[in-house]
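In the block that follows, a single chain appears as structure tokens, in the form predicted alone.
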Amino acid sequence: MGAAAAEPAGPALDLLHIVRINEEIKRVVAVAFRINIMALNAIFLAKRAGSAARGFGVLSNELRNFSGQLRETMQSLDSLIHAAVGEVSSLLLESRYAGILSRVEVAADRGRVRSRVSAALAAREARLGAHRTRLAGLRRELRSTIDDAAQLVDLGGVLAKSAKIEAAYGAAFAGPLAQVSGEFDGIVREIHDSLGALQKSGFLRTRS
């Protein structure tokens, strides 16, 4: 048996982290869509319950707004991730070319040839530096946007817990309202866990 395959490193590892981030983003988007549907149903249920569930209806509408804001935030994250994929891919390509040029530079035995290779290598290194700078900026934007999403989800958690309290005042509809509010709470906690995983991503802790 041959030696075990080496673990990816540098830009290759970044791409692996990005794939995992993208999976979490898709998961959150799907859950946010569920909240929107549930909120619409909850608003309809609150209207049936009448004045006793007015507070529950208001909170359900706020949860629907929360769902829309969360989807917009996830779209921003998705755009940042696609930009990061482009920068990491360029880093991989430029690093490969720079490695080839470095070997040619060492092997070159004539002054003019070595000079031209050195100039080409310097240009590659400059492009590598530019990609690293842009990628570092994208990391910062990703961290900031994920933190913003986490704060938004904290608000969603408050709304869901408040809906559970309001459900108790729903008179004959208290049972169904309590069930819906419990589902809200569970889904928001699910989103909270996904965002926690995003905040711990190795891509946000490492540098190219």
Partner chain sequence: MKTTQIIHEDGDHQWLAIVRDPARPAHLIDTNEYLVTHGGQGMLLDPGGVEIFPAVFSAVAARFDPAAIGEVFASHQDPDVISSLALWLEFNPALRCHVSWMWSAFIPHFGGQPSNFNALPDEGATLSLAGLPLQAVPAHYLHSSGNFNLYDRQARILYSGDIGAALLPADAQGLYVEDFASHIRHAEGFHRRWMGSTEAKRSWCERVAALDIDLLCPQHGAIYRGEDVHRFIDWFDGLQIGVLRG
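Numbering follows the first chain given and starts at 1. Being a predicted model, the structure only gives us computed values, none of them experimental.
Just so you know, the form predicted in complex with the partner chain exists too; it's not on screen, but the next bit is about it.
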property: The single option of Ile81, Val104, Leu128, Leu92 touching the partner chain in the model of the complex, heavy atom within 4.5 Å; result: Val104
property: Which of 113-121, 71-79, 84-92, 129-137 sits within 4.5 Å of the partner chain in the model of the complex, heavy atom basis; result: 113-121
property: 4.5 Å heavy atom contact, Ala108 to the partner chain in the model of the complex; result: no
